[in-house]
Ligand code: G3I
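The chain below stands alone, shown as structure tokens; this is the form predicted alone.
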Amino acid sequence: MRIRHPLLVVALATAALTATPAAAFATTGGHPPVGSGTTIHDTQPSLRILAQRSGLRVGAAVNMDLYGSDATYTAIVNQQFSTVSPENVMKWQLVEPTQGTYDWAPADRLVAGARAAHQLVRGHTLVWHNQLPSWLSTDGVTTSFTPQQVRDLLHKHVTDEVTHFKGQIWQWDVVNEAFADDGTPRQDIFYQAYQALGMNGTDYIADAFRWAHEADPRALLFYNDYNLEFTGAKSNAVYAFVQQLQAQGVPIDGVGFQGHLDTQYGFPDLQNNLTRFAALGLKVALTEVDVRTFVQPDPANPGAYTDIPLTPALQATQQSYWTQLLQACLAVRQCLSFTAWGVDDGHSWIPGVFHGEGAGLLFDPSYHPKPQYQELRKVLLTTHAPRRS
């Protein structure tokens, strides 16, 4: 995840649903039963149940500081979603904070919880220039290791992590955000190391996919990035690069479209981009969806903001964007999953990065479902989408 720039008429008791208290989600245990598929009211099926008829998996990125310790948060994750992604605990910085010493415990806990809740896991992420362990690089650009050592360390990291979770990960984000917005390769420590070794700087990407496939041949391997939703320099560059990987026999299975949108920008030509990547024989997925907007100032705290959209028009735009994101995925048979980047606005990354913006997720800070949640239910109830391939 990085800074990104740039729901159907159904008789639902949406007013009652919105007003349902957070306690309605709570359960007595860390992993609530999932057999009924219901959540807020016994008569209203969850997102995961509604998505089943089209074969779509709906997911959320999970905050492991809350998962298992906050009963309401945990219940929403387990009841509403059929896939989970780790927000942080599978990133290199977290799994190997000291060179040669691994800490798998938080990620193992997520995988075990997903298994108990009958969910699939998206592994995020093996190779990224951000959130690297400080012993490797503090800025993603410089390192004290030699180019060959960087390549060897990358090989070991990818192999060790994929091997540890072998047979437990449905989709891996193998490489994350390797291209800049202008379509040029990001010249991080991996790119520089490969260039110094006399190879093409982007060859580390092909290596990472090959190493991941060797460690777990059954996992689906994805390239993941932001702003691919919009046709332009970046999306075109990644499209061409993926074709190069395929021509080289690199085992890439799919492309992840992060889906971080902002109401101040127009809605992207997402379905066209999903379709053109899928036409290459690839799976596609919406992997980190949120829709941020300008929010109202907090009158009780000068300089702070609420999680309420600034105007009703912005709220309506948010709902429309969520609708269109899901509809685009449902319209493309190869779109396997639709994942929100988090559960509630109270734990979203957005306010800390975009001053005066927020309200980007499906639940408010008190875990009440928001209008965009209702809109996703409407789409899933009324859209006759093709089964996933």
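Remember, it's a predicted structure, so these values are computed and weren't measured experimentally. In this text, residue numbers run from 1 along the sequence as written.
Here the subject shifts to the form predicted in complex with the ligand, a form of this protein not shown in this document.
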query: Contact flag, R122 vs the ligand in the predicted bound form, heavy atom cut 4.5 Å; finding: no
query: E87: touches the ligand in the predicted bound form, heavy atom cutoff 4.5 angstroms; finding: yes
query: Interface membership of E177, the ligand in the predicted bound form, 4.5 Å heavy atom rule; finding: yes
query: The ligand contact at Q319 in the predicted bound form, heavy atom, 4.5 Å; finding: no
query: Complete contact of W128, Q258 and W349 with the ligand in the predicted bound form (any heavy atom, 4.5 Å); finding: yes
query: Answer option from Y67, F363, W341, F338, heavy atom within 4.5 Å of the ligand in the predicted bound form; finding: W341
query: R292, K91, H157, K283 - the one with a heavy atom within 4.5 Å of the ligand in the predicted bound form; finding: K91
query: Option from 355-363, 341-349, 48-56, 326-334 whose residues, in the predicted bound form, bring a heavy atom within 4.5 Å of the ligand; finding: 341-349
query: Contacts with the ligand in the predicted bound form, stretch 288-311 (heavy atom within 4.5 Å); finding: E288
